[in-house]
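A single chain comes next, written as structure tokens; it is the form predicted alone.
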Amino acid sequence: MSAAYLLDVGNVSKVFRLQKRTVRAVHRASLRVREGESVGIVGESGSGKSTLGRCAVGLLRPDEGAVRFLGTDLTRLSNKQMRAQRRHMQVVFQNPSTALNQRMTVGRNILDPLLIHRVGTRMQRGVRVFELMEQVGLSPEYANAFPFELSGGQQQRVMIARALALDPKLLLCDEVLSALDVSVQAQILALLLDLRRDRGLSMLFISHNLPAVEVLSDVIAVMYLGEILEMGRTEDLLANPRHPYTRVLFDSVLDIPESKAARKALRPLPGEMPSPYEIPNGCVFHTRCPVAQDVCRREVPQARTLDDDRQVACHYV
């Protein structure tokens, strides 16, 4: 792995076997995250975003490929060795009401990682909890409250505080905005932006919310049926999406421009994503692609690097 990369996910595949059937969740996906960089992962539901993210931080062990973090291949570590690595990578899950222990106070939830990894003295840990609450915008009075007594946005702040307790280098944010009201989404997004700036955090940011991904991410990876079809710098991808799926995905998002002249028609995604039990031959997107040809039905396109350092898996780009 190049020293320039904090995380290097190389040709990772993950298959689940359910009721004697096989689901190919992720297939030969590769991405890299530099120190201080945020990589957004977008795509429709069922595209494999969360599975890829969990493989990247060691919550799932991939069937193929390598995941190198700080130069160490996580796929080769024992459970004990992996535990030592976990303090450097933390996760903020989609639903804080289920991710937090509802029987423990807010303070105890935030304290938990410090106890597990035996960080600091009792007094130091107590001080640390209140520091973290202040950093995420929670009043100290909530330390003795229980998570179910808080709003959804406040619970998500508790999740973020807990994830930051060990000063991780990488933060996986898995649909952290989707369960929140729009106004609360803006507050949590602003908090994550501040944390990136102040801490130099690296992030994997998984979301359906393309405007949020645009704001928070330096690089965007576009997934479909377990494969990364396009990846590049955020500004390049938004200005000129090259893969047909990226184009129709971006066109399907409601955009409210500053002027009427800049307004464009909203175009819903054509058709439906095929069943993950029955992956199409050739290009996985050819059943919905507006420019698909015979070769797309026969041959799997290989990812190619274009002149703007963009990676695209398409026969006709």
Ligand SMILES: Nc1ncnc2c1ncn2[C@@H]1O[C@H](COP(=O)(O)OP(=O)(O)OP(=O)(O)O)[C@@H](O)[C@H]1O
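One rule holds for the numbers: they count along the sequence shown, beginning at 1. Worth saying up front: this structure is predicted, and the values here are computed from it rather than measured.
There is also a form predicted together with the named molecule; it is not shown, and the following applies to it.
message: the named molecule is absent from this chain, but in the predicted complex, do Glu37, Met82 and Gln90 each have a non-hydrogen atom within 4.5 Å of it?
response: So, no: the whole triplet misses the named molecule.
Of Arg247, Arg233, His208, Arg125, the one that lies within 4.5 Å of the named molecule in the predicted complex (heavy atoms): Contact residue from the list: His208.
query: Out of the stretches listed (286-294, 29-37, 66-74, 43-51), which one is close to the named molecule in the predicted complex, meaning heavy atoms within 4.5 Å?
result: Of the options given, it is 43-51.
field: Contact label in the predicted complex: Val9 to the named molecule, heavy atom within 4.5 Å
entry: Flag for Val9 set to no.
- request: Considering only heavy atoms, tell me if Pro276 and the named molecule come within 4.5 Å of each other in the predicted complex.
  value: Yes, Pro276 is a contact residue.
message: in the predicted complex, does Val23 come within 4.5 Å of the named molecule, counting heavy atoms only?
response: Yes.
Those residues of 173-198 which, in the predicted complex, come within 4.5 Å of the named molecule by heavy atom: Stretch hits: a single one, Glu175.
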